[in-house]
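First, one chain by itself: the form predicted alone, in structure tokens.
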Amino acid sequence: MALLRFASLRLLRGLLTLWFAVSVTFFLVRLLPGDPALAIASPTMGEDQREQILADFGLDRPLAVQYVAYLGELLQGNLGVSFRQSIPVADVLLERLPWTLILTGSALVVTLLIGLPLGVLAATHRGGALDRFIQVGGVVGQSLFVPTVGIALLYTFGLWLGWFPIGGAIDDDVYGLEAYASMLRHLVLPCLSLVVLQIGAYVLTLRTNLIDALGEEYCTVARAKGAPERRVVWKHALRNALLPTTTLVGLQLGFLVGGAVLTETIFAYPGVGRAIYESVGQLDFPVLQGAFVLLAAAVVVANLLTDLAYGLLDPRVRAA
């Protein structure tokens, strides 16, 4: 019963968060300067044509009426039709979504593969030069701004050294293994940008929790029984120190998604973030709204799953 109540409360909170994100996005989009009718048709069109276009897309109705109608369509799974492309928004986003999943998924995996060992290394060399170096690197990484890192990597490794492509996700006219190799080369710089920005949080969090765990009584008992320090760290302390990292993954996902939007823009990576950037310039309200709804839903679901996983791993959380 406790777990069911815990899950129900988290689900309700997630739905309220999603509704708030959808509502804010709907109204903010309509504050963008410009006339959506001009973005859809020719600037030389007459006033009658303009009014007809606005009526066709429901933009001539009061804002409150548009909002209620949009929520109704959204509850039916309808994200609308793109102003510019005249195709369902769902089709536009489904074409872009795999690239965003590849980028964010790769960045998360690489971050964990590098960040967790660095956190253990810092904790086991507490107070030493290696520990201080890792801590400084983590703090600096968290202090950087997404465009700063992206542009620096783009200029250094893309333009100056020429080691990696400076834009896109795959070369034209490549197939088989060559296509996969092309995808990896295009992925390196965007992925590295996200890794640099978020790895510090994992390193510093794990370091702190592992140091605390190593001071607990069960680790002292293990040492008294003759267990080598490596066994104490990796078998006894690390398991408990990793528990808060489960929550951190969910918390960092929002940052990862936001970072991906800017990163995709900088590297012209054809994901959902790039679609947001293009839609702002085109005043394509449906695509812009649909993209934000998709990203907000992904963050809400990830946080919900994280809360549930944490509740299963630590009964004290769901009892609270």
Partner chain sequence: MSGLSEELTAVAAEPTPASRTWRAFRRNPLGLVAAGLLVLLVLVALAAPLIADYPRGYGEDVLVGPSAAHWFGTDHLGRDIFAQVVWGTRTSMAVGLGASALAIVVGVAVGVGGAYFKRLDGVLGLFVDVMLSLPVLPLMILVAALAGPSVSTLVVVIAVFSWPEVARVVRSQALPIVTLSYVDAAHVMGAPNRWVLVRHVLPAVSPVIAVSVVVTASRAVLSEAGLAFLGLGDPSSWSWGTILYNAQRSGALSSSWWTAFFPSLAILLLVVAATLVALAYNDARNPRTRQDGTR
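Computed from a prediction, not measured in an experiment: that's the story for all the values here. Numbering follows the first chain given and starts at 1. Only the largest set of C-alpha atoms that superpose within 1.5 Å between the two forms is called the rigid core.
The form predicted together with its partner chain is left out here; the points below concern that form.
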{"property": "Contact check for 110, 191 and 308 against its partner chain in the model of the complex, heavy atom at 4.5 Å", "result": "no"}
{"property": "Segment assignment from 112 to 120, 220 to 228, 136 to 144, 183 to 191: heavy atom within 4.5 Å of its partner chain in the model of the complex", "result": "136 to 144"}
{"property": "4.5 Å heavy atom contact, residue 129 to its partner chain in the model of the complex", "result": "no"}
{"property": "Interface membership of residue 75, its partner chain in the model of the complex, 4.5 Å heavy atom rule", "result": "no"}
{"property": "Proximity of residue 11 to its partner chain in the model of the complex, heavy atoms at 4.5 Å", "result": "no"}
{"property": "4.5 Å heavy atom contact, residue 265 and its partner chain in the model of the complex", "result": "yes"}
{"property": "Partner contacts in the model of the complex for 232 to 263 (non-hydrogen atom within 4.5 angstroms of its partner chain)", "result": "254, 257, 258, 261, 262"}
{"property": "Residue 269 C-alpha moves between the shown form and the other one by 2 Å or more, core aligned", "result": "no"}
